[in-house]
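Below sits a lone chain in structure tokens, taken as the form predicted on its own.
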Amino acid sequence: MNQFFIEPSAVAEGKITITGEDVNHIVNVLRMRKGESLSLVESVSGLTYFADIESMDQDGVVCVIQDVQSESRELPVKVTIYQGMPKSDKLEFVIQKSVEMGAARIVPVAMKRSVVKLDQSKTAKKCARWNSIAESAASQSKRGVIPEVTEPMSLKEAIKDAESCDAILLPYELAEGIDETRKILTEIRDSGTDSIAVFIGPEGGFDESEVKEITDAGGRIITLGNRILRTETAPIAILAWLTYLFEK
């Protein structure tokens, strides 16, 4: 079933009116017809409405609500991925897969060994594209919310931002063994943690001074196994671990 996100104002008197870009997608791309069903997620509450198309034209699609699902598809813990800036195509992959895996937020971070240096004049356009990718991934994976992709931050800005989270994790190749990582993650889960910040290094890895800055701010070094993962693989690995630990 195709899923779209709606604003709270779209819901009224047992019906939902879809407007904007989604109308073209429903009418001209998917070529849906009267009576077909849609899954519509209210972007603030995360409520999922199952509705049938009543009428449509180029200005809007009106659907009749058949059922409402309040059960959340979100991870029990809010995970923010602080991603060291990789090449553009890799960052888009990270955004897409992190959203599919349950990340609540993605923050691109400029680090010393980042290969790409983002042109500030193109930041707004890039950020709009990143958020469009996040919305598409959230819809595909039937998420109840659209995770935010922020504008790039410096490492100092990212660390300050991450301090609002209950725990900060730093996957790093010089971490102690897997047993220590299991201990750290289990401790975080059992302590009732609601939010986790995860710092991921860029293609060139972390500079030692960056590791010190993050650990000085309370970051805990963990390993993702005996293999060295690519920067775009690491977020998937840690999100899979956290899904296993926190979902019931």
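Numbering starts at 1 and runs along the sequence shown. Being a predicted model, the structure only gives us computed values, none of them experimental.
One more form of this protein, predicted together with a further copy of the same chain, exists but is not displayed; see below.
Candidate site formed by E74, I178 and E232: every one of these residues places a non-hydrogen atom within 4.5 angstroms of a further copy of the same chain in the predicted bound form. Although the partner is absent here, R182 is a contact residue: one of its heavy atoms lies within 4.5 angstroms of a further copy of the same chain in the predicted bound form. At the 4.5 Å threshold, heavy atoms of Q96 reach a further copy of the same chain in the predicted bound form. When contacts are judged by a 4.5 Å heavy atom cut-off, G225 counts as touching a further copy of the same chain in the predicted bound form. Though the partner is left out of this view, K142 does reach within 4.5 Å of a further copy of the same chain in the predicted bound form, counting heavy atoms only. Contact with a further copy of the same chain, judged by heavy atoms within 4.5 Å in the predicted bound form, is confined among 142 to 150, 78 to 86, 112 to 120, 157 to 165 to 142 to 150.
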